[in-house]
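In structure tokens, one chain follows: the form predicted alone.
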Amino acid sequence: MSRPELQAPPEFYYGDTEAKKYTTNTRNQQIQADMTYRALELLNIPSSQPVFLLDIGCGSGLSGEILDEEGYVWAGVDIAPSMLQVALEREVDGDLFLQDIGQGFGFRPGSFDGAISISVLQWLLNAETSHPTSSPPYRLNRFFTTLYSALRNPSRAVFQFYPSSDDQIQLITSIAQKAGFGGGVVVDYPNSKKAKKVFLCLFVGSGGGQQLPKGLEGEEDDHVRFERRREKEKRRDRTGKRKGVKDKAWILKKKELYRQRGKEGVPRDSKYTGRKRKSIF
């Protein structure tokens, strides 16, 4: 029996040049940033606790960069080697894995405190071969079943995606629920053709009385988008690289999470933790 072809988004076929062009496009950067911020809002993680997030379809690290700036520890998976290479060149802080999410995950149970995914989930609905493991229901089932296992209880997973029909939304939601998830679909700006966004907000467990968030109404506020962009630009130097955002509190938070995960060789805390060296020039 021949091995089924991977069902990959167009980015999988990008070369290094195309991947870099995609990443440096300012419109792509803004759209990705806006949707990542919104996904984090729906994830609703208390700021007082260190968390380890999974970025599904992380690509070149545009969403991961937001996770870095917000102080999260994260790992990312993507099917496109060229996009992951760009993420490495951009020095994102997350651990990166080459992975076809339609074949499921191999992470230990309860590894992650939450997951986000931007503009990826719809690609699991493609079936380019007649092989049984290439069918959308099979791939969705493998994806949601193994993701459910990889998330701790309680937690959330938020997916922004582009369904082409209500039937697709129903298929995705029903398979997620069969895998054990609670939750459902959240639609922002449902009456706007331009600003409408669809999110799948899933729950693991019922701790804390998790309730499905409400979608945003009316028209998207351009002022809010401008403020997000301006705040992001403040965090960059003149060369366009991210400024250092790792203060002492952030470093202590990350080290504590590493210890909880059983990572060896984590440096001890001291009065020098996070202290910047004085320049001699």
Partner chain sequence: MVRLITHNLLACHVKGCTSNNFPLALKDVQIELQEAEFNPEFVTNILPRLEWSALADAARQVGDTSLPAEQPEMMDDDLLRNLHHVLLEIHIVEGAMVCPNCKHIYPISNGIPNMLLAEHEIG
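This structure is a prediction, so every number in the text was calculated from the model and none was measured. Residue numbers count along the first chain shown, from 1.
Keep in mind that the form predicted together with the partner chain is missing from the display, and what follows is about it.
Tell me the stretch among 156 to 164, 177 to 185, 124 to 132, 193 to 201 that has any heavy atom within 4.5 angstroms of the partner chain in the model of the complex. Every other range fails; the passing one is 124 to 132.
Indicate whether the candidate residues 52, 75 and 110 are all in contact with the partner chain in the model of the complex, with contact defined as any heavy atom within 4.5 Å. The answer is yes: all three residues contact the partner (heavy atom, 4.5 Å cut-off).
Taking 4.5 angstroms as the cut-off for heavy atoms, does residue 149 touch the partner chain in the model of the complex? Contact check for residue 149: no, nothing within 4.5 Å of the partner chain in the model of the complex.
Would residue 119 count as a contact of the partner chain in the model of the complex, using a 4.5 angstroms cut-off between non-hydrogen atoms? Flag for residue 119 set to no.
Residue 103 near the partner chain in the model of the complex, any heavy atom under 4.5 Å? Yes, residue 103 sits close enough to the partner chain in the model of the complex that at least one of its heavy atoms falls within 4.5 Å.
May I ask you to check whether residue 144 falls inside a 4.5 Å heavy atom distance of the partner chain in the model of the complex? No.
Taking only heavy atoms into account, state which residues of 77 to 96 are within 4.5 Å of the partner chain in the model of the complex, ordered by sequence. Contacting residues: 79, 84, 85, 88, 93, 94, 95, 96.
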